[in-house]
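A single chain, nothing else alongside it, follows as C-alpha cells in the form predicted alone.
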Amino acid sequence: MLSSKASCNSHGQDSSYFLGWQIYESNPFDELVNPTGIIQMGLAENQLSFDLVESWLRKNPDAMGLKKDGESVFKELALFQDYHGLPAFKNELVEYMAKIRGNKVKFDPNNLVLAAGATSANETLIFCLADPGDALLLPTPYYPGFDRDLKWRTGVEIVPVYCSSSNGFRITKFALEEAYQRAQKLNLNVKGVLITNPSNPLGTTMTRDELNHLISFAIAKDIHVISDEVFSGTVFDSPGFISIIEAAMDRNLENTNVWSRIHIVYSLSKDLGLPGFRVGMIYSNNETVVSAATKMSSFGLVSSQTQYLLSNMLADKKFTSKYMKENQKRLKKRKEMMVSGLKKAGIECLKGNAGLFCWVDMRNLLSSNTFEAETELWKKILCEVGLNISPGASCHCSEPGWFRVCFANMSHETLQRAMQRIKYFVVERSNMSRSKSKRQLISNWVRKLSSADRDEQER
C-alpha cells in the first residue's frame, strides 16, 4: 500500500556510521550525569569557537532581535519571500567565501543558489546533473552520508574511485580511469565526479596536481566536477586550500566548455559551527543549473530570519577576520592534542591539515587484515571502550583498519578522557595478547616435553 521509496531499504541507515549513532544515543556520555557513557566522536561538529559567535550576538542585539536601526523588521521578514534569497545575504556570503579562499577567487551572487544545508544542496545539484541510473564517481574514502544524500531520492549510482594509503589516499589519473572503465562495464552513464575538498574523512586538502587531474579528466570525458568545499574554512596548516574554481582559473578555462561543468557546494555548518541553521548553497557558472536549482530550492528554503541575522554577522568584517584566525588556531591545537594522545597509545594518524577529524590508522589492532576484524574492533571500541568512531568500511575505504575520529565537538576535558580510554584499551589488549602468547608458548613447551617423555619411555 506504500510507495517503493517508503518500502525500500536504500536510505543507508543500516551503515555502521548511523548504527554507531543509534548506540551512542542509548547511552550518551555526560561528565556529571553519565561519566561512563559513550563519548560521541562520530560527529563532525565544530563547537570550539562557539563562544565567539555568542559574543557577537550579545554585542549585536538588533540583529538577534530582527531589528534595523532600532526598528523592528519582523513583519517584513515574516511575510512571503521568494526562493531567490535575500540579496544582502547572498552578497555577504559570496564575499565570505572569497575571503576564505584568500580572495583569489571572486563569486557572483547571481550564480549562487541557497539551500537548507549542504545535504539539500548536494541532492539538488545531483537532480540537476543526472537522471536515475546515471552514475557519479567518488574517490574513497568518502563521507558515509553521501550514500543517502546523492542516491536515495535521485536514483543515481555511486562508483568508487579507489585510493590507497600507499600515497596518502591521493587521487591519481589511473584510479579515475579505472573507475570510469568499471562504470562502463556496468553500463552506467558517468555524469560527473564528486570530491570533498578539504576531504571528509581524510582531513587533508587536495593538491594542485590532484585538482588538475580531475579537471583534465572532466575535459577528456565531457563530464561535470562537483567540489564539496564545506570544510574550506577549517584549514589550519600548510599546504593551503585551493578551490576547484581557482585551479580552473589558473588554467584560463573561464571561456571553455568545462567552466560550465564545474560546481561548488558550500555551507556555514562547519566553518561557523551553525549546522542547526541549515544554510547551504550551490555555486555554478552554468545558467541552466542555477535556474533549475533555484526552482528546486523552494522545497528546502533558508528562513528569511536566518538570512537576515547571518547577513549582519558576515557584514562585520572585523568579526569574520578574527573568527577565521582564532577558529583555525583552536582547531590546530585540538587536532595536535588528539594526535599526541593517540600516539601515546601507539596509534598513528594520516597527516592532515584541515577538518574536524583525523583519519586514524588502527591496522595494528586488527586480529586479521579483514573488514570482519575491523567490525569486531569497532564494536569493542564502541561498546566496551565507550567511543563512537566511524569505521573505514562505512566510508567505503578499500583497506581495513582505518577510522574517522572527530575532535571538535567536545570539551578539552572530554577529549582527554577519550584518549585515556583508548590508551587503556590498547594497553589491556597488548597485555592480553602477550599473556595469550605466553600461554601458547608454555603449552607448546608442555607438548614438546610430553612428546620427549613418550619417546624416552618407548626407547
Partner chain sequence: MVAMSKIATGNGHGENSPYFDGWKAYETNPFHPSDRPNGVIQMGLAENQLCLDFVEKWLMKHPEVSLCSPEGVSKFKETALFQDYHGIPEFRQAVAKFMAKVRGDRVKFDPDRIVMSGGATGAHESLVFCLADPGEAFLVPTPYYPGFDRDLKWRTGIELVPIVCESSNNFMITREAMEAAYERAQEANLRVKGLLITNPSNPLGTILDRETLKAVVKFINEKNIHLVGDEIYAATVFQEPEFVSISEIIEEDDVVCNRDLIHIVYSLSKDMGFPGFRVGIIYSYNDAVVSCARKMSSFGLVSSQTQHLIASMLSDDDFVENFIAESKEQLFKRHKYFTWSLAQVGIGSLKSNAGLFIWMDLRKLLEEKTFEAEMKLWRVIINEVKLNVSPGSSFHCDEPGWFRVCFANMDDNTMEVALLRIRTFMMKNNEAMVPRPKLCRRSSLKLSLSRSRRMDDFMSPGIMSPHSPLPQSPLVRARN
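Numbering follows the first chain given and starts at 1. Bear in mind the structure is a predicted one, so any value in this text is a computation, not a measurement.
The next section is about a form of this same protein that is not shown, the form predicted in complex with the partner chain.
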Where, among 144 to 152, 342 to 350, 170 to 178, 320 to 328, do residues come within 4.5 Å of the partner chain in the predicted bound form by heavy atom distance? 144 to 152
Please tell me whether any heavy atom belonging to residue 58 falls inside 4.5 Å of a heavy atom of the partner chain, as the geometry stands in the predicted bound form. yes
Though only this chain appears here, would residue 129 touch the partner chain in the predicted bound form if you measure heavy atom gaps against 4.5 Å? yes
Verify the contact flag for residue 204: yes if a non-hydrogen atom of it lies within 4.5 Å of a non-hydrogen atom of the partner chain in the predicted bound form, no if not. no
Taking heavy atoms and a 4.5 Å cut-off, does residue 83 contact the partner chain in the predicted bound form? yes
54, 413, 428, 31 - the one with a heavy atom within 4.5 Å of the partner chain in the predicted bound form: 54
Proximity to the partner chain in the predicted bound form, single hit among 119, 196, 140, 232 (heavy atom within 4.5 Å): 119
Within 297 to 317, which residues come within 4.5 Å of the partner chain in the predicted bound form, counting heavy atoms only? 298, 299, 300, 301, 302, 303, 304, 305, 306, 308, 309
